[in-house]
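Here we start with a single chain on its own, the form predicted alone, put down as structure tokens.
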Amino acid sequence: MILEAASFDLSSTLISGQCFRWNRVEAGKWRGIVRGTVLSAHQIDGLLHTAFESPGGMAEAGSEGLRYYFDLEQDYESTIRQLKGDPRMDSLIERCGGLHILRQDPFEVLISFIISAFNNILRIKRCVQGVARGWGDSIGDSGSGEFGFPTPTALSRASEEALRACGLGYRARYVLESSACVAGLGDAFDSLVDLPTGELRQELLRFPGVGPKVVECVLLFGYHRLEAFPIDVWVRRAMCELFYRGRETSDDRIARRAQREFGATAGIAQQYLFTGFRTGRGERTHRRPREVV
């Protein structure tokens, strides 16, 4: 299936720290598991070439589902024009152009970013894969080795010991408790999507293991609230260097500054800051920090 995606860059989007079930199989070619479906994708110029390697929710949704997932209908070009009005953002946008915010499953994002706390991307991916393998449904043939992300009910039935064995460490308890909370809410969890961002933030903060950074990630990557602004070690470094002349400052001040500078599309700016600095393409002047997200 071929989709027009002139302002979209597949690789920049998939390395931007917002998803953990995509892997590069060779230069420019990717393979991922999205909503219980194995999907392969690569991009040639402005065309996105995709193929469903298994049945599942994404395969049933077809091209419309793909356009929704990759957020191809969003007017990113106008957002980029606004961001490029700030010379501090110009080089990041030129070098990391085409970043989109994927439209992912909120429960998978919630659990993935609870796992992400004080963790690096490679380990997060391994942990998420272990959780899927342990409690998710097998995709396609029983021997394929691919698994969808577990349902809240299935994951709530895990043991803390088994989750720790997947590498989750102290996060295992939070994953178990939050999964039980979501399972207990049932349809009420799905209805959270209808809440205004402020109310949604407060509801998400009730889940075990969800703090200020994780909640912003869930808002941005799970609920597509583009005004959300997750602050991790890379974004903190970027904001301090670009907006505070290298001086350390608090996350609260950074968050307020981000809202003043970027407003309703702060989350898109955050992706450029994160990806540009993490991949070594930002104008860093200090020692590279230990990678955590």
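In this text, all values refer to a predicted model and were calculated from it rather than measured experimentally. For every residue, the number given is its place in the sequence shown, counted from 1.
One more form of this protein, predicted together with the DNA, exists but is not displayed; see below.
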query: 4.5 Å heavy atom contact, Gly36 to the DNA in the model of the complex; finding: no
query: Non-hydrogen atom contact Gly198 with the DNA in the model of the complex at 4.5 angstroms; finding: no
query: The DNA contact at Arg171 in the model of the complex, heavy atom, 4.5 Å; finding: yes
query: Residue contact check: Leu122 to the DNA in the model of the complex, 4.5 Å heavy atom; finding: yes
query: Proximity to the DNA in the model of the complex (heavy atom, within 4.5 Å), stretch among 253-261, 63-71, 25-33, 226-234; finding: 226-234
query: Position in contact with the DNA when the complex is considered in the model of the complex, options Met89, Val210, Cys96, Val109, heavy atoms within 4.5 Å; finding: Val210
query: Candidate from Val214, Ala132, Leu176, Val182 lying within 4.5 Å of the DNA in the model of the complex - any heavy atom; finding: Val214
query: Heavy atom within 4.5 Å of the DNA in the model of the complex - qualifying residues of 239-254; finding: none
